[in-house]
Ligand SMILES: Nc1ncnc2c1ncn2[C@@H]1O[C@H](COP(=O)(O)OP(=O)(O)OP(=O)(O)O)[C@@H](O)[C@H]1O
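Read the single chain below, which is given as structure tokens and is the form predicted alone.
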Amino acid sequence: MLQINNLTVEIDNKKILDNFNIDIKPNTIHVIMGPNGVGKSTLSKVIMGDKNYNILSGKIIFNNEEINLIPTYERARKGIFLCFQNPVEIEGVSNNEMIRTALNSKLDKHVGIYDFIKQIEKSSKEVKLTDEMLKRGVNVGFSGGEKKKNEVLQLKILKPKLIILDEIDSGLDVDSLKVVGENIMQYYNEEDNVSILIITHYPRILNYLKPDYVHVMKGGKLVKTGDITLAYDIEKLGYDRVDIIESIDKNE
């Protein structure tokens, strides 16, 4: 699904990712945890093709195709979806219009209005967004939790193959976290060949999204891999003691 080989990235002459490697196979869930400033969000932006970052070396391969030079919109059309940490507000463009336009672009055809409305009404109820919210400008007047639910609504309609969750759990109360987590897991279980990359500080989202691998990131690279117990050990012991945490590496 996604292979990143020896990726080194800088911004403003500052190296952020340093010889970074990861291999995400279809139908797997990976979690990357780590302190602030180690390159977690940078990784998500580089995968999506953010031009502010300069790739010095290495390759990003999605479904056996190198995508280093492919623009962001083409990566999205190929099936990569990024749930933003801080979704932006867009005045003058309704959620309905934005999602339908994105769907038309991804499928490269005009989606009938009846089929689209039927689909979005079903999905919006599942994520607990009202019809009135669908008519608003994108995220305009939304709470933090509603913005994250709107991100999940988009992925349910656009049906990506690789979902990147950049701190999807930040700013969510208990009820919103449950809605977001359960809907993403439902999508993962129902669709074929879907993989998820979760970037987070805390393991609470993992109550709903059960990972196959948990990675610890420091210094712009992955320094340890284990199963879900590694995430709970980090919560108890902190990142400074990660080197002494007893965890299971499924690659061994």
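Don't overthink the numbering: it's just position in the shown sequence, from 1. The model shown is predicted, which means the values in this text are computed figures rather than measured ones.
Keep in mind that the form predicted together with the named molecule is missing from the display, and what follows is about it.
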Task: Candidate spot 25, 207 and 227, all three touching the named molecule in the model of the complex (heavy atom, 4.5 Å) - done: no
Open item on the list: Can you work out which of 39, 203, 49, 211 has a heavy atom no more than 4.5 Å from the named molecule in the model of the complex?
Closed with: 39
Open item on the list: in the model of the complex, is there a heavy atom of the named molecule that lies within 4.5 Å of any heavy atom of residue 11, even though the partner is absent here?
Closed with: yes
TODO: Using the partner position in the model of the complex, report whether residue 234 sits within 4.5 Å of the named molecule, counting heavy atoms only.
DONE: no
TODO: Give a yes or no for residue 53: in the model of the complex, does one of its heavy atoms lie within 4.5 Å of a heavy atom belonging to the named molecule?
DONE: yes
TODO: Indicate whether residue 85 is a 4.5 Å heavy atom neighbour of the named molecule in the model of the complex.
DONE: yes
TODO: Choose one stretch from 30-38, 186-194, 59-67, 218-226: the one whose residues place a heavy atom within 4.5 angstroms of the named molecule in the model of the complex.
DONE: 30-38
